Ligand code: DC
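Here you get one chain, nothing else, as structure tokens; it is the form predicted alone.
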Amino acid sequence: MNSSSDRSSRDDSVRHRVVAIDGPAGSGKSTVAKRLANVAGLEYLDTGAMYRAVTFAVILRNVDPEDSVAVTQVAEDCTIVQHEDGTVTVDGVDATVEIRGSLVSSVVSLVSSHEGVRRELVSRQRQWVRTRGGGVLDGRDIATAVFPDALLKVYLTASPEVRATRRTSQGSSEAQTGNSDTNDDYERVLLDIQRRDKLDSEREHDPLRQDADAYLVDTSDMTIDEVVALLSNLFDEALRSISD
């Protein structure tokens, strides 16, 4: 990131109420972030869906996902809209189901690793916060790269085995959607999670890691309600700290 981008991030974080939630796949980020946003009276942005949407566009346009220049061009050109009802459109096409499918899942870590893609989507994420005056964002680099001075930074995690169980159960409950991931058994999902963890943590640009100032929350033995309640209390404490 250049110095002007860093200053922009700091300015946004100081002015606005930003909650940054990072963590690996299956740790419960999206579910927790959505519910926390509702409790805190903030809007929610699923940054992972943005990277998946770009990946969908890359596949749709038959672009080589290893071609950094071409993939970056797709990221800069495509229109991504996350609607209030949960649907996601890419260039006007409803891609809600497809961005969660196995084809996108198998390529998204590679697409996300390109510096140009991250630069473009980070810019969009910061603009989203400026427009709304804050928000809850979840992803893999929100606290470390996008908003390093966020009001509240949280790193959610869980054991790979727990995360695989969650993904397998989720797939079973969503079988009627036609999502090609839903027939994957536990072992296959576990291997995919381990593969993505490795790719995300070892990528050159903005790798997945816990920020030094982020609260570490292991959700392995916690319910969603318990995690949301904990984060809600942390958010209230963060608000009091800036008002004192």
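As the structure is a prediction and not an experimental result, all values here were calculated from the model. All residue numbers refer to positions in the sequence shown, first residue = 1.
One more form of this protein should be noted, the form predicted in complex with this ligand, which is absent from this view; the next part is about it.
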| said: Between 168, 157, 82, 109, only one gets a heavy atom within 4.5 angstroms of this ligand in the predicted bound form; which residue is that? | reply: 109
| remark: Exactly one listed stretch (34 to 42, 209 to 217, 192 to 200, 66 to 74) reaches within 4.5 angstroms of this ligand in the predicted bound form by non-hydrogen atoms, and it is 192 to 200
| Does this ligand come within 4.5 Å of any heavy atom of residue 25 in the predicted bound form? | yes
| message | Taking any heavy atom pair closer than or equal to 4.5 Å as contact, tell me whether residue 140 reaches this ligand in the predicted bound form. | response | yes
| field | Non-hydrogen atom contact residue 153 with this ligand in the predicted bound form at 4.5 angstroms | value | no
| Might residue 163 be said to contact this ligand in the predicted bound form, defining contact as any heavy atom within 4.5 Å? | no
